[in-house]
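Included below are structure tokens for two forms of one protein chain, each presented in isolation as structure 1 and structure 2.
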Structure 1
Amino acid sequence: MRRGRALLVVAILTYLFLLSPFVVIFVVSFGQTLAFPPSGLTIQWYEKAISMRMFRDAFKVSLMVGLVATLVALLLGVPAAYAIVRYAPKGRQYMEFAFESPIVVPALVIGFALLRFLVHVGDIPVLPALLIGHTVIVIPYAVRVTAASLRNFDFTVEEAAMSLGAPQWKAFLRVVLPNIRTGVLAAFILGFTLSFNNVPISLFLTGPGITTLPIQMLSYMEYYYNPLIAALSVLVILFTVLVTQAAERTLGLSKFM
């Protein structure tokens, strides 16, 4: 009993530690000024945040980049994970390491390298460069999460499908993919949130007219000191939760058939 109570206290403290910043941001976002506790309540910052063109455009860019980069990362990462797990090729650990290297290398370095080689040397426009950059940072998670899911998959099931007349690609789509869909979904959610909230890569690869939301928020904060940023943060958190929920509802329950 005593031990149970002690654990409960620890759990509550941990939750407080994790959630208190959000609580502060949430409360501040309704304040007149950037102060805690707030001196008076208002929703003007929300109105402003939503009506400001710069944030709306940046949101659209972030949304588009997040979706496209995550989808491309999955299109590359899922087959890679399949090959690594299914065929256990020689030097598999090096391959896995290569796919995970974007996690190990500081994102700032990747961002700078991409700027240097894609934009300066390769003369690639800002938007494709941004997409490539985000794809690079999402791929490790796409590979990792789907590989974990594939490791739990019994490949004799795939063989059974092939023996029943399905070529391997069909067996993959009809049998393997539906059974690892939770992993793919998790990878999608993780990848999208990662891309949507990314700063270090976007910092280098955004340019005039094309900016992601976090970068736009960052530059706004450099000039203004008011609760608008808090209101925007609340909106971003809400949006992320909604995306996660929606993805789980639609993809999690339906079959890929």
Structure 2
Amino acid sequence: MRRGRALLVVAILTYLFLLSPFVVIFVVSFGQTLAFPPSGLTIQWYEKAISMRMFRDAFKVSLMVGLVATLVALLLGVPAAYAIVRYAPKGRQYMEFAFESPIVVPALVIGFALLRFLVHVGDIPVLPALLIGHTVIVIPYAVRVTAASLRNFDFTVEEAAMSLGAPQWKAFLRVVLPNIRTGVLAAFILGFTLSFNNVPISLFLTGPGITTLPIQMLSYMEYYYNPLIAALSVLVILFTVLVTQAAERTLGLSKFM
């Protein structure tokens, strides 16, 4: 009994430790100045954050890049996961490691490598380079989450469809894909959230006129010292939490993690 109470206390303290930075940001966002505790309360920083055009434009870029990059990653990752799980080729563990390598390699290294290869060598414009960079970091999650869903799928159902005359591509689209749609949607939510909040890759690949919201926030902090970024951070946190919680409630996202 004492041990259980001690573990409960440790769990509560750990939770409070993890939650405290978000509480500080939330409280500071309503202050007159960037200080804790705040000297006065106001919502002007929220109004200003929403009204500033550079943040609205950056939000649109982050939204567009996140959606497109995640869709492309799924188009590449779902067939790859299907091939790995369905046929279990020799060296499968090495193939899985290759797809997961963007997670292992530091993101700053990936960002610098993509900058050199795509922009300096390939002379690719900023927006396509940014889309490619975000696709690279999302693919591992598309493969991993979809593969987890495929491992719970009974492929004899697909074989039955093929034995009745359906081509393999049609059996995949009509039988396999509908049965793993929850995993695919979970991969989409994870990939989009990762892309939307990404800093290291975007830091190297953004350019004039094309900036994601996290990079625009960093640029603002270089010149201004006020609670506006705290207010904008709260809005970003709320947006991310709403997306992930909606996915958890509708898809059971945690079982794919």
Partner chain sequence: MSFLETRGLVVGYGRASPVLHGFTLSLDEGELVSLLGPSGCGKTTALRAILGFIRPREGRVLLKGDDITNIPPYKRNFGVVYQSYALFPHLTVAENVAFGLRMRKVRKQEVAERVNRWLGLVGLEDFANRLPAQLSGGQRQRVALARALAVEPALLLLDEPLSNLDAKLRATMRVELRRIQKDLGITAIYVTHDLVEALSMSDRIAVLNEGRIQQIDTPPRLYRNPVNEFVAHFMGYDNSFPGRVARVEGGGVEVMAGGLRLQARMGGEGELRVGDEVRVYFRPERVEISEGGPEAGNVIPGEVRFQSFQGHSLQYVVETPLGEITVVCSEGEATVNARSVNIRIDQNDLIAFRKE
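Computed from a predicted structure; not experimentally measured. For numbering, take structure 1's sequence and count from 1. Between two forms, the rigid core is the largest collection of C-alphas that superpose within 1.5 Å.
Trainee: Decide which single structure shows the form predicted together with its partner chain, answering 1 or 2.
Mentor: The form predicted together with its partner chain is the one given as structure 1; the other form is structure 2.
Trainee: Keeping the rigid core fixed, work out how far the Cα of V241 travels between structure 1 and structure 2, to one decimal in Å.
Mentor: A shift of 2.4 Å.
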